[in-house]
Ligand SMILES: Nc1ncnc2c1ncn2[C@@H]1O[C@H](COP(=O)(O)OP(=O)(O)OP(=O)(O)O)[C@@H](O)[C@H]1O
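As a starting point, one isolated chain is supplied in C-alpha cells, in the form predicted alone.
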Amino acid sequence: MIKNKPLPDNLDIYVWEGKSDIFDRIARCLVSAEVDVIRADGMDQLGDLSPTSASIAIISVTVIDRPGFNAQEWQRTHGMPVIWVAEAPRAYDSRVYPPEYSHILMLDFTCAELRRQVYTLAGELQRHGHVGQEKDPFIAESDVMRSLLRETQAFADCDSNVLIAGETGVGKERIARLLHDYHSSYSKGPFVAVNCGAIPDGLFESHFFGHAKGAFTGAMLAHKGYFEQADGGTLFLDEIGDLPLYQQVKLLRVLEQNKVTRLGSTAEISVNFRLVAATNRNLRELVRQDMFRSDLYYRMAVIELRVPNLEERGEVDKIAIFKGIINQVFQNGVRPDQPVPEIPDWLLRQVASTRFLGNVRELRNIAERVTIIHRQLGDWDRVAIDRVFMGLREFQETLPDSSGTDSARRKWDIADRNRIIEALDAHNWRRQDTANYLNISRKVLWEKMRKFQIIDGDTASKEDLEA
C-alpha cells in the first residue's frame, strides 16, 4: 500500500495556511514521517525558497484571490507540486480550479488522508527524478565566493549567532541554509525562514511568540510561533533591518532569556535555536541613526559574513551561473531527455559584460527568458535575445543611481523620512489625510513609516539623523 512506501530522504513540506489554521495539524499528522514541515506564509517568503531536497507545498485556497497570485507561476517558479486545502468540495470545476489545482484536500482532512496525498506526490517526485535536486546549483568558481564558502564552513559548527550582509538577490538565504546544514546538531532540527519586512503590523507577537487556544477571537487551537518552530534548529530572519524598534526589543529579550510566552498564556517555554539574520542595509549606520538597537546588533553580529554581489564575483561566476540555470531549465522542461543546446560565445560575452543590479535573482530571470526564446524559435535568436538585454539596460536606466556610496543612499532616505514626518506633523498624524496630501495610498504610507522606523509623534529631523 502507498502508506508503506518509504518517503524520500530530506522531504520538505512547505505550508502556506492563509486564513486556514492548518500548520499545526499538518505538523502533528506528519510527526512520525521524518519530514521537515516549514511555515512559508506569503509569496514574499516563498519567492526566495531554494529547496535542496524533494519538496511539496500545502497551500490553503484562501490565498488564491490574493493580488498577483498565480498557481502556474508558483509551480513554475518553485518546481514543487501543490496540495490545495479547500473548505468544501468543488468537484474540480475548471471555472473554479484550473488544471494545475489537481491535488485537493478538504479542510477537515484526517491524518490518513493527508499522508496518502503526501505519499502519492512523493512517489511522483521519485519517478520523475526530482528527489534531491537543487533548484539552482550552488556556483562558487570565483576566489571571493570560494573564500566565503570556506568561511561559512569554518563558522558553521559553532552556536554563535550570525549576521549575513549583502545586496538584494545575492543569495543570503542560501548561505544561511549552508550554515544550518553544516552544523552538527542544529542541522537535525528545522530551518525556519522569516521575512521581517512582511510581518503585518500588530501581528508580531502572534507570529513570533505564538498564541494559546482562545487567546483571541478565532484562536481555535494553540499555535507555535516562529521561536518555538525553530527550537533545536535555525531561525533565519531575513531583512532584519526592516524590523521596527519596538519589535527589536522583544527579539532581544528572547535571545537573552531563551524563553517565550505565548499570547494568552503565562507559561514560559524554553527554546534553543541558532539565530541567523540577513540584511541588505547598513545596520551600523542604522544604529548610528538610532533606527536600530545597538544591543540587538551586537547580540546578532557575533559572526558577520558578507555575500559579494555578481560584479565582485566577476565574469567566471556570471557565466557559470548562467550555464547552470540554462541546463536546469532545459532538463526540467517538456523534453528533459533532449540534450541541452550549446550556448554561443556571443551570448556568454553578453552575460559577462552585463551588470545585474538584482544579482543572481535577476540573472536567473534573464536566463529563463533566453531559454524561452530558444524553445519558441528553435535557436539562439540573436535579435530577440539582444532585445531582452536592451530592455534590461533601459529598465536599469530608469532606476535611481545605485553606483553611489552608502552615504548618498542614506541622504536620499533621510530626505524622504524627513518629508514624511513633516507631512504627518502638518496633518496632526492623521494617516489618511497625510497619504492624500502626499498623493500615495495609506498602505504605501504605512510601509514607508515602517521602513524608516517612524512612530506616532516622531519629530526627528534631518539634523538629528545626521548627528
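On a predicted model such as this, the values are computed, not experimentally measured, just so you know. Throughout, we count residues from 1 along the sequence that is shown.
The form predicted together with the ligand exists for this protein as well; it is not shown, and the discussion that follows is about that form.
A residue is said to contact a partner when one of its heavy atoms sits within 4.5 Å of a partner heavy atom; G233 fails this definition for the ligand in the predicted complex, lying far away. In the predicted complex, the ligand sits within 4.5 Å of a heavy atom belonging to I139. Taking non-hydrogen atoms only, S353 never approaches the ligand to within 4.5 angstroms in the predicted complex.
Proximity of N327 to the ligand in the predicted complex: non-hydrogen atoms within 4.5 Å are absent; the residue sits far from the partner. Stretch-level contact analysis of 168 to 176, 261 to 269, 155 to 163, 225 to 233 against the ligand in the predicted complex, using heavy atoms and a 4.5 Å limit, identifies 168 to 176.
For the options R364, H211, K318, R274, the residue carrying a heavy atom within 4.5 angstroms of the ligand in the predicted complex is R364. Scanning Q247, N309, Q289, N280 against the ligand in the predicted complex with a 4.5 Å heavy atom cut-off leaves one residue, N280. Residues of 232 to 254 that come within 4.5 Å of the ligand in the predicted complex, judged by any heavy atom, are D238, E239 in sequence order. One change in the predicted complex concerns E422 and C196, whose Cα atoms lie at least 3 Å closer than in this form.
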